[in-house]
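A lone chain, given as structure tokens: the form predicted on its own.
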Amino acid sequence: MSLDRYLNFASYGPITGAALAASHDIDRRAAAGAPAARLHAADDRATAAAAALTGFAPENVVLSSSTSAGLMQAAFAMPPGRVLVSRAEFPANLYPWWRAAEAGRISVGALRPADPRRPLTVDDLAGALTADTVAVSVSAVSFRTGHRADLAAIREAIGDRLLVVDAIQGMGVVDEDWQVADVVVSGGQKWLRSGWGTGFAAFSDRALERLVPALSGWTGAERSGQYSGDEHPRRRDARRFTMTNGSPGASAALAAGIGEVLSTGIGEVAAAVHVRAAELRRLLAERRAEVVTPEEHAGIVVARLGADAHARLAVAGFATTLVDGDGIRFAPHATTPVAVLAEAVDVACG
């Protein structure tokens, strides 16, 4: 399959050459017996890259193997109280809260928005916020439609409560003020094109003060290199959310993937992705397709074209995703040739 016809970055972004080379370099050095400490220097590079991308301080960022792992950490660290989340969320942003509630740590207000195809809005929160609500969890970009949540408005609406953001469908392709959130979690396998097993979580100072991780291991403790048999206190920075060392190969790939975004400039990447998504919306509208992606969108465009259209696209060599039974999810990146989009729409619309 040609990457020119790969329109599925919201599902998985094929790893970049730079990320692949960085990961292979770690493997090559490990195979040659390089000291582990030198290999794990990639952790610091990845942490610094994620901090630069999000605007958080490096000590407020911790590496994670996935969005799910980062959200699970946040859920099991939450102070007692009620967490609001939409049932329209991807399951990765539902099960951590359900499991934490099952363990008796929190309660969950799983809201059903009027339109199940978009993330929570301020209107959804009206009347749902209660005195015992400690946090709200939302996706920055809907996996179903590409709808972009108004994080600043939600931040203002919830006041001093913690705002947890599943950022994976926007990280690296939207120019967002991530610091309005208290917890920002993203895997690196989609738009950042860093491969599976990569990701990070960033925490505000307020979150670090309030969250006490239950899933914290020896690397999350002070003086982790002292094997005395004594329990050490948790670290004060974001690394308290670690259980053990991660893969330096994954760290190297993530640092390289984010590095490419930073070197190009998030504004330039976001603008290029927006142009392609807007062109898709225009082309689909011209063909009178039912487009469910709103004006406030990121890189995802969804149209109700049916399973047959998805099959035709696959036969023609286009990679897309079928969502909710009849929706075709197109997700081009900044490198996708604009000319390819018209051909994809022609195939999809028959």
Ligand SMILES: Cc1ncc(COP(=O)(O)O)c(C=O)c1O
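From 1 onward, residues are counted along the sequence shown. It should be emphasised that the depicted structure is a prediction, and the values quoted were computed from it without experimental measurement.
One more form of this protein exists, namely the form predicted in complex with the named molecule; it is left out here, but the text below deals with it.
Asker: So which of S137, S251, Q73, Q169 gets a non-hydrogen atom within 4.5 Å of the named molecule in the predicted complex?
Answerer: For this set of options, the contacting one is Q169.
Asker: With the named molecule left out of view, which of L84, L120, A92, A277 would have a heavy atom within 4.5 Å of it in the predicted complex?
Answerer: So the residue touching the named molecule in the predicted complex, by this definition, is A92.
Asker: If contact means any heavy atom within 4.5 Å, which of 201-209, 152-160, 97-105, 187-195 contacts the named molecule in the predicted complex?
Answerer: Looking at the partner contacts, the answer comes out as 187-195.
Asker: Applying a 4.5 Å heavy atom distance criterion, does T67 contact the named molecule in the predicted complex?
Answerer: Yes, T67 is a contact residue.
Asker: Please tell me whether any heavy atom belonging to F241 falls inside 4.5 Å of a heavy atom of the named molecule, as the geometry stands in the predicted complex.
Answerer: Close contact is absent here: in the predicted complex, F241 is far from the named molecule, nothing within 4.5 Å, heavy atoms only.
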